[in-house]
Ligand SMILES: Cc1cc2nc3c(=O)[nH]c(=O)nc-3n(C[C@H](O)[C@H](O)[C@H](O)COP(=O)(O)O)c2cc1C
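The data below hold one chain only, encoded as structure tokens and taken in the form predicted on its own.
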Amino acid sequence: MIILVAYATVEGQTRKIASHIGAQVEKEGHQAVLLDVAGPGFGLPGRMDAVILCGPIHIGRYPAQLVSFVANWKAELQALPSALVTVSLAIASKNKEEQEEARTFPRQITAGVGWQPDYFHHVAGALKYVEYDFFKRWMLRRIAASEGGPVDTSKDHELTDWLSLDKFVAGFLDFAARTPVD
């Protein structure tokens, strides 16, 4: 199968996650096509058998480029087995209400543009303290401290559960292999 792994990224962690998904797809014996939807002249690159979209949540929203991609290609996306991987720090929260709120983020795309993926997966991103400006570092450190998260601002902290992501990819590929494409 040919699997499109399309993504939008803000700080680079979603790109890393999409690349990891692509590597897992190829490890399972399929072909992965990686596409940054923010790139110039993006579009669907020919025939695909399934698609996995990856997008981060920042300040409660997906990047505009990802929303535009889904809006522009929703008919093609709907015709294929598809999944949406949402990257957010809220999913790693110890607060169950914040986790539940994070699980509602995909509605922005599904309700907003009328695309309904077959699978959803939520994955934590990273705290990139070293890259943040003073204010963002201070603010995110405060939030992390209130959550019992990492507060050492001298280094970055990756919170992505790679094993869970690998299990998701394997399950999605099994589903896509059993799903006829129009």
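Predicted model, so just to flag it, every value in this text is computed and none were measured. Throughout, we count residues from 1 along the sequence that is shown.
Just so it is clear, the following notes concern the form predicted together with this ligand, a form of the same protein that is not shown.
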Single option in Val113, Val33, Ala38, Leu140 placed near this ligand in the predicted bound form, where near means a heavy atom within 4.5 Å
Leu140
In the predicted bound form, which of the listed residues (Leu66, Ala144, Ala50, Ile57) lies with a heavy atom within 4.5 Å of this ligand?
Ile57
Answer among 148 to 156, 114 to 122, 129 to 137, 66 to 74 for heavy atoms within 4.5 Å of this ligand in the predicted bound form: the stretch 129 to 137
Each of Val85, Glu100 and Phe168 having a non-hydrogen atom within 4.5 Å of this ligand in the predicted bound form: is that the case here?
no
Using the partner position in the predicted bound form, report whether Glu11 sits within 4.5 Å of this ligand, counting heavy atoms only.
yes
Heavy atoms within 4.5 Å of this ligand in the predicted bound form: does Leu80 have any?
no
Within a 4.5 Å heavy atom cut-off, is Leu89 in contact with this ligand in the predicted bound form?
yes
